Each structure stands twice: as structure tokens, then as C-alpha cells.
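Take a look at this single chain, the form predicted on its own, given in C-alpha cells.
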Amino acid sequence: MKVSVKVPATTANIGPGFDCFGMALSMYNVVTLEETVYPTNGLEINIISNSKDDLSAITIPTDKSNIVYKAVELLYNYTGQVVPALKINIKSNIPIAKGLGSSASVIVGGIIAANKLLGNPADEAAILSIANEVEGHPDNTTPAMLGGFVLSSAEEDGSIIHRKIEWPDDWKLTICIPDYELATQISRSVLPEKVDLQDALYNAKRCALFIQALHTKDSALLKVALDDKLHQPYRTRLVPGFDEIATSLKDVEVLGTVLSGAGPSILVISENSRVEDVKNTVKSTWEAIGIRSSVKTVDIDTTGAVIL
């Protein structure tokens, strides 16, 4: 039996929502699991990338240290079964180490595919919990599975509390992807172990304003709500040109410019009339300092992971 699952990219944090805000985007990976039988045994993992320039796909482990296999193994353990001989194909269409949830996408895809192979013993709550155990935080895995804009919290018992909130149609998303990678581990390493109480309070207020802005589709409120003091002041130092881009886009009157996840990609939120101005501003700013980039407007994916 063979199962393929298509899973969207995600953008997380979105300003103040560090490790709790996430949104699914219309870019996709496909994970295929196939149980193999005699004379084939063991584990076979194939990475298929559409981009000839995607050297990062070459560095993905193809043994049991692969995160997809780890996720699959946890699902089998959850059901009290041993992982059989498997062939895993990962069709990679989401840029790796760019802050677009590529790892969360394949983790979710692997778990859902394995669950289907086993006859769906795990419910949504169990899948989300297992995905979070592999990824370490739910802000990418939850929207990757469910689609849409999702706020989520990993609880002490391993469960994931989550809610989807409708994203206004008029708020357009532009993803700006530079031609270099930034591993999440590196981006997390620059964060302080402790934060100032006033900074924590600042972000708590911004998160509240953000949710209210979504519920009321209040563009003016969103501009204020996207500010952050917990992670972006430290991480943007690793993203050359971020400050210049954010400053230039203020003249374009966008709703906000934030890091996508841990970076280095940048998420720009704007209204319809500003999309082309955003693209031109970002590309020209990065080109001026020698950085090539891909800048494109994407839709929010409202469906999440789908078995093909």
C-alpha cells in the first residue's frame, strides 16, 4: 500500500506571536510512504527537488535520523507497532532553511501517511501532539495540518490547544526569499535565555491587539499589533537588509513587515493596491547589497494537509 500526502508551507510568529501564531501558505511538499515487501527490506528515503539549485536537499539525511522517519516511528510506537520496511519519497517544493516550515510540512505529511497505512488509529489531537514532539513547537505543524491562520499552545501534558481565525481576504501576503539559508538552530541561538518583564508585557499586549485586528479586520490596528520585542530585534541582525526593507516599505504604506518564522525569509502584509510596490522595493533593496531573491505573493491555504 502507498499513501501520498500534500502539506502546505507555513509562516510562523508573524510579529508578536512567538511560537504560537502560524499560517499555512499555498506552497507544498508531498510525502509518500510505501510499505515494502520481500526481497526489499529496511528503509529507503528519496529526496526529490524541483529546483536544480536546491543544494540543501542533498544534505537531508536518508537514514533513520531523517525527521520524517522519526515522526513515522513515533506514530507506530503510539499504536504499539513496529515500523515495517518502508520507502519514503519526499517531493520538496518548499525552500529549506528559509523560515517557511519545510520541516513541519514533511513531519505532518509523514505522520498522516503512516496513520493512513495503519488504518487511521490516531485522531487529530494525537497527530498534532506527535508532530509537536518531533518539531518542538506547534506554530508551524498545527497550521500545516489544519490550514488557515492558527493560534496554538503546547500544554504540559503534550496536548495542543488551537483555534483557527479567519484571515481577511484584503490582506495580501508577499513572501520574500533570499538566496541564502538560515538554520532554525542558529536563529534560536541568538535569543536571550531571559527577557525583560516590560518586553514580555509589550508582546502580550500586541498579541491581544493582533487577534482583535483579525476579528474586526482592522488594518490600522494590525499595523500596531505586528511589533515585537521578544525575537525579531535579535534575529533580524542575521538577515542583511531587513531594516532597510522595513524602512522602505513604510513609504509604501504596507500593513507590516516581519520575519517569516526564524527567517531569513520576510513576510510582508499589504492591501491589494500595494503588492507590486512591495515586490519592487524588496528586490531592489536586496540587489543593492548583492543578495538575489525570489519575491512572490501567495495565498493563504485554508485546507491544510490532504491525502492525495
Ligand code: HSE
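Numbering starts at 1 and follows the sequence shown. Just so we're clear, the structure is a prediction, and the values are computed from it rather than from any experiment.
Just so you know, the form predicted in complex with this ligand exists too; it's not on screen, but the next bit is about it.
Sort through K229, K223, K116, R188 and report the residue having a heavy atom within 4.5 Å of this ligand in the predicted bound form.
Contact with this ligand in the predicted bound form is made by R188 alone.
| field | Answer option from A262, V30, V258, L255, heavy atom within 4.5 Å of this ligand in the predicted bound form | value | By the 4.5 Å criterion, the partner-contacting residue is A262.
*Partner-proximal stretch of 155-163, 138-146, 83-91, 207-215 relative to this ligand in the predicted bound form, 4.5 angstroms, heavy atom*: Flagged stretch: 138-146.
Classify S219 as contacting or not contacting this ligand in the predicted bound form by the rule of any non-hydrogen atom within 4.5 angstroms, answering yes or no. No, S219 is distant from the partner.
Margin query: Can you tell me whether W286 touches this ligand? I mean in the predicted bound form, with a 4.5 angstroms heavy atom cut-off.
Written below: W286: no, not in contact with this ligand in the predicted bound form.
Within 4.5 Å, heavy atoms only: does A12 come near this ligand in the predicted bound form? Yes, A12 sits close enough to this ligand in the predicted bound form that at least one of its heavy atoms falls within 4.5 Å.
Taking any heavy atom pair closer than or equal to 4.5 Å as contact, tell me whether D19 reaches this ligand in the predicted bound form.
Contact check for D19: yes, within 4.5 Å of this ligand in the predicted bound form.
> Out of 232-250, which residues reach within 4.5 Å of this ligand in the predicted bound form, heavy atoms considered?
Replying inline: Contacting residue: only R235.
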